[in-house]
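Take a look at this one chain, the form predicted alone, written out in structure tokens.
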């Protein structure tokens, strides 16, 4: 599933091309992708509107329109949102095509069909339950030790499960949680409340550094993820532990282990993390 760095990379790409693009037509090939409004209303009322910008909240893309409404897109597992200057040959996995007056297109491609799209006024974005329930952005000043303490001191959950909880902090997923925990030297199975104040500070810093590094390399591509121009990310070449089990730790040489934590495949160094 695309995580914060991938969604941020797509957002930045769309920011460069979408503002000023006026919609001429909409083709919906899979109704299940459109969660609100009805497909008929979606296709009938979007033409004539103009995109003004792009944003992100957690793993949600927020595409702004000139009538003070939003297209909210969650890519889920295999969703891709990409822009092309002209018509391209498409396949059965293109579920939505937005055609602009200048002939360019915005495509939504989703092999697994789990991705979701809403069109609604900005004032009603809170109606999207997952979006409304998000915790702070991990790169914001709100994600600090004081916040961490307020949410963990009475919780027995392990630290990996906590970091994956989108109501605790928005946008993190399996890849970057494993990487941040390795960078901070913390085992993913540690109870969150057992972390000392120095460990919490180091973890917060590690989360932020890993995310910024991943964004600078345009995200991680193993299978489906592509940016807004259809290009792969490169951060997979810089991973320290994720999907590196049975390979030596880049810090100490100990072989990376794989286990299951919080229902997710989890990678860690048994020497560097405690």
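Numbering follows the first chain given and starts at 1. Bear in mind the structure is a predicted one, so any value in this text is a computation, not a measurement.
We do not show the form predicted together with the DNA, though everything after this point is about it.
Every member of the trio 77, 112 and 173 reaches the DNA in the model of the complex with some non-hydrogen atom inside 4.5 Å. Looking at 194-202, 136-144, 180-188, 92-100, the stretch with residues near the DNA in the model of the complex, meaning non-hydrogen atoms within 4.5 angstroms, turns out to be 92-100. The DNA is not drawn, but in the model of the complex it has a heavy atom within 4.5 Å of residue 156. The DNA in the model of the complex is approached by residue 59, whose closest heavy atom lies within 4.5 angstroms of it. The DNA in the model of the complex comes within 4.5 Å of no heavy atom belonging to residue 235. Contact annotation for residue 258: at least one heavy atom lies within 4.5 Å of the DNA in the model of the complex.
Checked against the DNA in the model of the complex, the candidates 19, 253, 25, 265 yield a single residue with a heavy atom inside 4.5 Å, and that residue is 265. With the partner removed from view, the residue among 51, 42, 242, 225 that has a non-hydrogen atom within 4.5 Å of the DNA in the model of the complex turns out to be 242.
Contacts to the DNA in the model of the complex (heavy atom within 4.5 Å) from stretch 13-42: 30 only.
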